[in-house]
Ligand code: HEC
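Only one chain comes next, encoded as structure tokens, the form predicted on its own.
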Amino acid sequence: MLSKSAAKKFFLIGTVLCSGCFVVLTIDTIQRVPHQTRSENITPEVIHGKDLWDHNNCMGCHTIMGEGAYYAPELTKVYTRRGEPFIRAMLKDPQAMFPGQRKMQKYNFTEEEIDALVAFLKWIGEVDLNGFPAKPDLAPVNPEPVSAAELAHPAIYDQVCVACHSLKGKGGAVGPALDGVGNRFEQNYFVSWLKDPVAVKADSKMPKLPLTDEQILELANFLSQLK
């Protein structure tokens, strides 16, 4: 049993030590902020994107850095997960990307505003959040062997195409499944289709995606091998 003076001394020493630890940890955290936030990448365009994010109340539906609503997808790592072409297409016309399904309204952003939002989401995705959000473990318990075509998925396919199309039962259901599509069409057809779907089929519901010529050729080669 401590005496009154000993208890007082214990309290004072403990308070000083804990306060010291708190100060040291606070200083360490503040020193880490510029590096972890990649502050050197905060350009005027990124700031404009943040202003657009706030002005349009994007957080009313989406979550970013753990804060926001859960009505729509979490967007902290969306740039890495989906890529720039998908983000641009969604911001330009959400309904065209998911006809009859997406409830995100069309904000009629200008190209400059879309550039700013993409820059903002890219910066957010590069911020070091100590492992947040965790990558989901989607691997099956007993994975089945996959074909060479499955192993050679172009990055742009996993970012954009999989949102609407399925392959081997994995992917979206907005557009037709792509199993065996290489038996029905040749590579040149895929090139024309990916450049402008409506030019090939007037009533196509597939939007014209912001793909580079290199991405189009990569996808056309991949799709032509799905036999």
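Computed from a prediction, not measured in an experiment: that's the story for all the values here. Position 1 is the first residue in the sequence shown; the rest follow in order.
There is another form of the same protein, the form predicted in complex with the ligand; it is not shown, and what comes next is about it.
Residue-level contacts in the predicted complex: of S192, N56, Q36, N41, one residue has a heavy atom within 4.5 Å of the ligand, and it is N56. The closest non-hydrogen atom of G68 lies beyond 4.5 Å of the ligand in the predicted complex. At the 4.5 Å threshold, heavy atoms of L129 stay clear of the ligand in the predicted complex, well away from it. Taking the partner from elsewhere, K122 is found to have every heavy atom lying beyond 4.5 Å of the ligand in the predicted complex. Using a 4.5 angstroms limit between non-hydrogen atoms, K92 is distant from the ligand in the predicted complex. Taking the ligand as it sits in the predicted complex, the stretch 193 to 218 comes within 4.5 angstroms of it through a non-hydrogen atom at W193, L194, K201, D203, S204, K205, M206, P207, L209, L211.
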